[in-house]
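Just the one chain here, the form predicted on its own, laid out as structure tokens.
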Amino acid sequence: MTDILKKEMNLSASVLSYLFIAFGFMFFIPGYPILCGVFFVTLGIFQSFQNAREANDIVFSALLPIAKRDVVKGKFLFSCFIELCSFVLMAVAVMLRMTVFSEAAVYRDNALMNANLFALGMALLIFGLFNVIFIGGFFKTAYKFGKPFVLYIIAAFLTIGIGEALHHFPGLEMLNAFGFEHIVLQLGSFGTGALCYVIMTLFSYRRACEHFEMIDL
């Protein structure tokens, strides 16, 4: 597992995948749909898949003395590594906004989504969508990625739109809580997002392994 991840990080990855981790800090930006930062992180991962395809990396990996499912595992491990690195930055931004900056006027007057645990849960949901729609879709052919990425873009921005709109509906205002207000609801929404991420990623990985085993490279 370690060797295949090292191979992905050192040979297959685009430098943009690493640079775009910093978009996790977009959770600090007031008056901006912060979940767009999640999309930019996945855009960086997409660049690595694009580089890998142009370099015929999938065939190279399949010729290594490893099982075909390990090729899939390498892509998923790398993608999850980038996602979780950026998630750490998002979590740092959320913790600071929930504590040190909880009373800052620039955030209190923000009409868009606040950086709280609900936002982190939504971020994990979007990462899960990427793993299911894009990575899972890519491994149906191990070559074509245009259609899966377009479908992911549509799903991601629909999710972002829903996340931004929910707290404007009567009775759902607490989703946009500041600091540790409505902490039980926040923890519940975060836990739901985390559970969705794990289930969606594992499901996509297993399906991708099944599809890749049937592909004649």
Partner chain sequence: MSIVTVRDLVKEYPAFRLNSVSFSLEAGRISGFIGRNGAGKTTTIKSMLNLVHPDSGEIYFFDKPLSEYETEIKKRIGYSTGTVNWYPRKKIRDIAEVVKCFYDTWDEEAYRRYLAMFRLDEDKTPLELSEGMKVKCNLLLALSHKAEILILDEPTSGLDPFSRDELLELFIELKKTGVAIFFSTHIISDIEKCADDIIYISGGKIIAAMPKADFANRFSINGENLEQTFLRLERGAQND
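Positions refer to the first chain, counted from 1. As the structure is a computational prediction, the values presented were derived from the model and not from experiment.
Another form, the form predicted in complex with its partner chain, is not on view; read the next lines as being about it.
Listed stretches are 153-161, 185-193, 38-46, 63-71; the contact stretch with its partner chain in the model of the complex is 63-71, by a heavy atom cutoff of 4.5 Å. The shortest heavy atom separation between Val59 and its partner chain in the model of the complex is within 4.5 Å. Among residues of the shown chain, Leu11 is one whose heavy atoms approach its partner chain to within 4.5 Å in the model of the complex.
Taking non-hydrogen atoms only, Leu166 never approaches its partner chain to within 4.5 angstroms in the model of the complex. Taking the partner from the other structure, its partner chain in the model of the complex has a heavy atom within 4.5 Å of a heavy atom of Ala55. Contact residues in stretch 127-161 (any heavy atom within 4.5 Å of its partner chain, taken in the model of the complex) are absent; none meets the cut-off.
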